[in-house]
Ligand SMILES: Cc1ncc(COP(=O)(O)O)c(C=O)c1O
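Below you'll find only one chain, the form predicted on its own, shown as structure tokens.
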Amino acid sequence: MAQASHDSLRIAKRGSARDARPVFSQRSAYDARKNSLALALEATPAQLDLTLSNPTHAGFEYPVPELLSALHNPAAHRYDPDPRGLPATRRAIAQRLLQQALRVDPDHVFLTAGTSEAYAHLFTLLCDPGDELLVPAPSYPLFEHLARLTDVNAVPYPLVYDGQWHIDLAQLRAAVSPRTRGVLLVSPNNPTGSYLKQHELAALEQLNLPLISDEVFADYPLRADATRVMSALQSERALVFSLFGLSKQAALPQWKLAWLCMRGPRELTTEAAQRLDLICDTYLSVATPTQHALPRMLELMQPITQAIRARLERNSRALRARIGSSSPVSLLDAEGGFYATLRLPRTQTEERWVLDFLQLDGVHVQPGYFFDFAEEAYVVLSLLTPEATFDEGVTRLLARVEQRVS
């Protein structure tokens, strides 16, 4: 992703220099210059792409005719907009969550055109311009851009690693200011693969701040863990907004449907629902045919999501088997999700490692700094990559590191 920067704003001028005034907003400014990896990819396209995160490009056989037939519903030709989404679809989502022992009122389910839109709605709900939201680091580099476009400040709190990932609760508490309006969570985190733990949720409840929990990867655990929170919706005290969607839950990012589920004290959820009605009603962005088709899509895609889980588990096992205790490469623990993180020797910069893998070995991986890792040198691999490509890419990567440090 391009990195936003106030310095890159170009001012279009009208009239003389004395009368110059900006045409475009500061919030929409960004640095359009390509980074070194993007330039290298243009010059040397990857032979083996270990960054693949789009399930529709990952070699799975989708039931295309059946998915398209799910849209052939006569009811979809009638437009009866509801700011929260069609009641029947929301009831189906609440029933799905109930099967996972998560009780959510269907009236507290809001449909959106993807989780990015759900984030934008929640930022609008909770924050005035200049307010702050605490966001995890490392994590997916989306929050900064979403926050900036809504005039919100994203304040990082660290995830730390000591053999397992966990929230640095002391630093999180220290990051809270009078302008803090909520805490963002990703469980499991992208890319660290760490789930929210029970003691972490209990500590977060003590802050008396709303929690926004992105749980789109929650259906892809790599192992069981009794200390894990299934969902932040299990909270008994906090105002919680949990985000899910077809993109990961059904491997259907192209259908652009997500659901925002809310739970918390009645006095807060009542007012939050009323305000979200206004926000969602302003856009009404979710297509009626997709809403009607959602229950059938979830059913049809179960074999694909099972195949995805099998591939993630298989590639994770294969990676662990390749990296022994004597290897100069370390595999960081991941509990779930699509990604694996490798720690590389600091004999050269992270950027140099990534460029070497691409230019010398034809292997494309993501550098840790894309995800705001606090130090070097890390690279992130997608476990969703088809097995043969993954194995060959890992072989070349490990060989390059061995050659460099020998």
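Everything numeric here is computed off the predicted structure, so don't read it as measured data. Position 1 is the first residue in the sequence shown; the rest follow in order.
Note that the form predicted together with the named molecule isn't included here; everything after this is about it.
The three residues 121, 182 and 239 each lack any heavy atom within 4.5 Å of the named molecule in the predicted bound form. Picking from 297-305, 219-227, 103-111, 183-191 the stretch near the named molecule in the predicted bound form, with a 4.5 Å limit on heavy atoms, gives 183-191.
Contact check for residue 161: no non-hydrogen atom falls within 4.5 Å of the named molecule in the predicted bound form. Contact annotation for residue 116: at least one heavy atom lies within 4.5 Å of the named molecule in the predicted bound form. Residue contact check for residue 247: one or more of its heavy atoms lie within 4.5 Å of the named molecule in the predicted bound form.
When the named molecule is considered in the predicted bound form, residue 140 lines it closely, a heavy atom lying within 4.5 Å.
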